[in-house]
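The chain below stands alone and is given as structure tokens, in the form predicted alone.
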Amino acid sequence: MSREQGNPIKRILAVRGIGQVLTVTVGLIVLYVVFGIMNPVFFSSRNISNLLRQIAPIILIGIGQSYVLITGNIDLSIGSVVGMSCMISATMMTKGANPWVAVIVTLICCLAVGLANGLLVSFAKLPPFIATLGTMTIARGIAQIANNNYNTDSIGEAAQGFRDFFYYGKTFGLFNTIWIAAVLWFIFNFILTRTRSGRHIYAIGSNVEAARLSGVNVISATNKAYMVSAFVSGVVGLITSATSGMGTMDAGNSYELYAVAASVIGGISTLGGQGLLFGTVIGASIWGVLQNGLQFAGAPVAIRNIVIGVIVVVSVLLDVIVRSGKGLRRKRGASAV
């Protein structure tokens, strides 16, 4: 075994996409320190706990968008699926349904949207932008008609266990929302990095035709990616319902943009085939720290949105430049041979 193969640090640095993850991690640390110096309350344990709970849903939808982006596609329906999940679960609970039955039915509905997205993109060959734009509108419509175009009443004391599990409860000193995000991240990161399904997802994002010729079931892999996205969006909808104690028809508005922000800031390539889910955690954390820190600094919401938007555009632009440069170098090398 060579010295490089036996060196764990060099093995880590050799992982494709780790460079940008390390870069944004340094950026996250710098941001956190700067905001903490500006306002020492930013370092308080209470603020850290609330910040982690605020970041957790962004990590979840970021996981879903990352899966889809790695396949070379995009999911614009995430925010609407969050709203649909929130309204279906809350409506069922206000009508007397058992909270956990409501959870199961809601997640099944969300998975159906994910399957529809996957089939429209992979089987019907619709452009992912158009396909998920359509399901985005449909899911938002379902959210609106779930309770006859009204927000729901309070889900009531019978759902207190549901609310504690998804939002208010703590385990080992951390809010359950944080644990939910951590557990789902570990599960989906394992699938993406250690299983054949994960390898297929990367393969179709790198070169869909080469993947198909290699025996990859493109339809199945694409469906799985979109169903992961819909599932985590459904979980975020449940968290939203537990947070407010009611269903709101506009829940999840703009969440698809937050999901893209978490993914691309963390190094997930919009061109497909590249990125690490750990980077998604860092990207979501940067989003949360910026939102929280700028709020402490007294910046208006408009400025916070502008800053996040600029960072997203710059991240995508850098990714395109780097990937284009690598492609150009490969072509020159091939022509030279």
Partner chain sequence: MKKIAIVLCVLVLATSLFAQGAKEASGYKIYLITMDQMDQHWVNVDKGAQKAATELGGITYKWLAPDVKDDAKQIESINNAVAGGANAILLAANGPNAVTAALKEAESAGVKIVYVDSAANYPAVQTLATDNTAAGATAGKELLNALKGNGVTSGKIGIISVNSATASTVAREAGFRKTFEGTGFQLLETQYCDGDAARAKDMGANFITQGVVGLFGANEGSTVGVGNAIAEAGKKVVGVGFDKSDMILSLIKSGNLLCTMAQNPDVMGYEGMKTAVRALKGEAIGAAYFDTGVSVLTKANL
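Given the structure is predicted, the values throughout are model-derived calculations rather than measurements. Residue numbers count along the first chain shown, from 1.
Below, we turn to the form predicted in complex with the partner chain, even though it does not appear here.
Comparing 205-213, 181-189, 253-261, 124-132 against the partner chain in the predicted bound form, the single stretch with non-hydrogen atoms within 4.5 angstroms of it is 253-261.
In terms of contact with the partner chain in the predicted bound form, the residue from 154, 137, 220, 193 that brings a heavy atom within 4.5 Å is 154. At a distance threshold of 4.5 angstroms between non-hydrogen atoms, residue 163 is in contact with the partner chain in the predicted bound form. Though the partner is left out of this view, residue 295 does reach within 4.5 Å of the partner chain in the predicted bound form, counting heavy atoms only.
Interface residue remark: residue 47 is counted as part of the site for the partner chain in the predicted bound form, having a heavy atom within 4.5 Å. By the criterion of a heavy atom within 4.5 Å, residue 270 is excluded from the residues contacting the partner chain in the predicted bound form.
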